[in-house]
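Below sits a lone chain in structure tokens, taken as the form predicted on its own.
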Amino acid sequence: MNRIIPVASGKGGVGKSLLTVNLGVTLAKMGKTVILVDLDLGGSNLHTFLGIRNSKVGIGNYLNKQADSLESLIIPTDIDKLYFIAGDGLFAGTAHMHYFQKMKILKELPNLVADFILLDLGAGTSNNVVDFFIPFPQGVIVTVPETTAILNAYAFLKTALYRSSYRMFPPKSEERAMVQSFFKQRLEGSGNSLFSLADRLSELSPENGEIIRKMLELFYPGVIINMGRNPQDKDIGKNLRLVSRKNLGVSMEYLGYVPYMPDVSRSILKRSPYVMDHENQFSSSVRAIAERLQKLIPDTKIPLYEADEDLEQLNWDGFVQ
């Protein structure tokens, strides 16, 4: 059984892609078969970290019907057991794919043969990012110890929970309207969480409340604090976990803390994953995260209704306060 782990961030510049690659390399060095999938559409650059030219057939070809399947896009890397699916290449417009194209990718991902499939998602909270995150209960959110980055990480989690809660119910239903109304209210400091939403939905029928409670039970994302510069930064992951549990009702796995290393960025210029050439605090931290990921118990996908026109028309940018 493969493990599909989407890796996201609330904002750019937090080292998400670099961490994804180095985590994939580390898992491969541990003997796991790994496929890295570049789903940062519109800004695909995972090939750069791996030293692969931006000329391979990838997701862009697939979306433009120039490739038959995701499996046909898999290419080997120079690292044993590590494979790669390139992003959009030089195709324009892939960042704004239609929903049915996302569904096509999501339905094929579980058929890929590997121990771990790491999805490098784009930054931010657009539907094209969140829709690749929410079906898989154990996604990873990468952030850095800066106020704006932490707020954006929390915003991403809240947006993911809204999107997931909304899609747990049929189109144009009373339940969806209730979810929408609930998330328009400020949760922070209100004493409410998604368990409060479950209670309100139970007033329509007990089954509705159980749907949300089951989602909260399954949904168990992890957080990684990257580029930490002092011991106090380690507590940020714990604080984010406490805030998400208090305000949203969701527990987060604190996967790890990765210290800032000034020479890490040079690995991008060298086009070689950093952990291949260094054995230090950075590589030790990434290895510890890889070990934690292996210990997490895989769970089933979260069941979601497919999106529809009324969902696509919603504009939820900035609703997180």
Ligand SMILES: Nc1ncnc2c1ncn2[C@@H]1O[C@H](COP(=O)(O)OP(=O)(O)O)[C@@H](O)[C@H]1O
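One rule holds for the numbers: they count along the sequence shown, beginning at 1. Fair warning: this is a prediction, and the values are worked out from it, not measured in the lab.
Omitted from view is the form predicted together with the ligand, to which the following refers.
Contact between residue 250 and the ligand in the predicted bound form is not found at the 4.5 Å heavy atom cutoff.
Under a 4.5 angstroms non-hydrogen atom cutoff, the ligand in the predicted bound form lacks residue 67 among its neighbouring residues.
Under a 4.5 angstroms non-hydrogen atom cutoff, the ligand in the predicted bound form has residue 49 among its neighbouring residues. Shown alone here, residue 227 lies within 4.5 Å of the ligand in the predicted bound form, counting heavy atoms only. Site annotation in the predicted bound form: the residue of 264, 63, 289, 28 reaching within 4.5 Å of the ligand with a heavy atom is 264. The partner is absent here; in the predicted bound form, the one residue of 45, 284, 294, 33 having a heavy atom within 4.5 Å of the ligand is 45. From the list 204 to 212, 153 to 161, 190 to 198, 219 to 227, the contact stretch for the ligand in the predicted bound form under a 4.5 Å heavy atom rule is 219 to 227.
Contact check for 171, 179 and 305: none of the three has a heavy atom within 4.5 Å of the ligand in the predicted bound form. Taking the ligand as positioned in the predicted bound form, none of the residues of 59 to 73 brings a heavy atom within 4.5 Å of it.
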